[in-house]
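Only one chain comes next, encoded as C-alpha cells, the form predicted on its own.
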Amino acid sequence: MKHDLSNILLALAIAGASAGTLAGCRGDREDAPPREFFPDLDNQLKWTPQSKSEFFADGRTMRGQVAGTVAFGANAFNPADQQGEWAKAYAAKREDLLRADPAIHQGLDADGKAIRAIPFPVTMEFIKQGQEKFNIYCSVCHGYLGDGKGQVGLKWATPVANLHDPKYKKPDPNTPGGGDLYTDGHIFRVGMFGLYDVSGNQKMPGYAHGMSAKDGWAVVAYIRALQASRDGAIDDVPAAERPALEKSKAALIEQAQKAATAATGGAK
C-alpha cells in the first residue's frame, strides 16, 4: 500500500511538472518570456544577398548554378508536336531554359569565337526594346549617347568605354584577324557576362541577371543604331523626313543653349 502511494505521488509530481512546462505553449497572454525548447530553430545562421562569406573560396554568399545542371519548365512541351501562334511563347520559353544554342545565349560560334552578326531579325521594335534596356542598365555609365559620359561613369577612376570608338565598329588593322572587339558577339558577351582584364579583375559587371538573351542582342542592335547616328549625315535621311529632323535638331540646340545660360546665371 505504501509502495502504491509512492507511485501515485510520483505520478502527480510528473504531471504537475509537465503542466507547468506546457503552460508556456498555450496561447494565453502573459508577461513571462516564452520558453525556447529548440533555440537553434529560432536563431538560425543565414547569409544575406551580396554579403561576404568566409566559407566559399570566392568569398561570395550568392552561388551560381552547379556545372552541368539544366533548367526545366513546369509543363512538358515539344515544339515539334505543337503548331500555331499560341505555341510560340512556350517554344521561346523552352529555348531560354535550355540555352542550347551557343550563338544566341553565349554569342559564340562552333569554334568558340565571338559571332559577327546579331542572330535575330533587327526590326524597329527590336531596336526600341534594346533602347529600353540600354537606358536602364547601360546609360548610367556609358551615357545615353554611348559616349562613356554617364553620371556614374564620369566618377570612375578608369575611363568607361566610348562605344563610338572605331575599335568597336570595325576590325583592328593592327591585330591579326582584326580582333573581336568590333563583333556583335563580343559586345553581347560583355553586356551579359561582364568584362575582366588579363589578371582576372572585373572591369565591368554583367547584366544577364536582369536581361534575357534576346534583350542582350537588342541592346547590341541599339548600340549599332547609336553608332550609325553619330556617323551618318543628313543626306542619309529620306528627303521627306529631313524637315522634321532639322526642326528637332534646332529645338534641342535651343534647349541646350537655355540650359547653359541658366547654369551660368545669364552671364555672357
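What you are looking at is a predicted structure, and each value in this text was computed from that prediction instead of being measured. The numbering used is simple: start at 1 and walk along the sequence shown.
The following text describes the form predicted together with heme C (HEC), which does not appear among the structures shown.
Using a 4.5 Å cutoff between non-hydrogen atoms, residue 122 does not count as a contact of heme C (HEC) in the predicted complex. The shortest heavy atom separation between residue 163 and heme C (HEC) in the predicted complex is within 4.5 Å. Interface membership of residue 205, defined by any non-hydrogen atom within 4.5 Å of heme C (HEC) in the predicted complex, is confirmed.
In the predicted complex, at least one heavy atom of residue 191 sits within 4.5 Å of a heavy atom of heme C (HEC). Listed residues 105, 169, 149, 186 were compared with heme C (HEC) in the predicted complex; 186 is the one with a heavy atom within 4.5 Å.
For the options 87, 195, 145, 114, the residue carrying a heavy atom within 4.5 angstroms of heme C (HEC) in the predicted complex is 195. In plain terms, the part of the chain that comes close to heme C (HEC) in the predicted complex, with a heavy atom within 4.5 Å, is 211-219 out of 45-53, 30-38, 232-240, 211-219. Contacts with heme C (HEC) in the predicted complex, taken as any heavy atom within 4.5 Å, map within 129-145 to 137, 138, 140, 141, 142.
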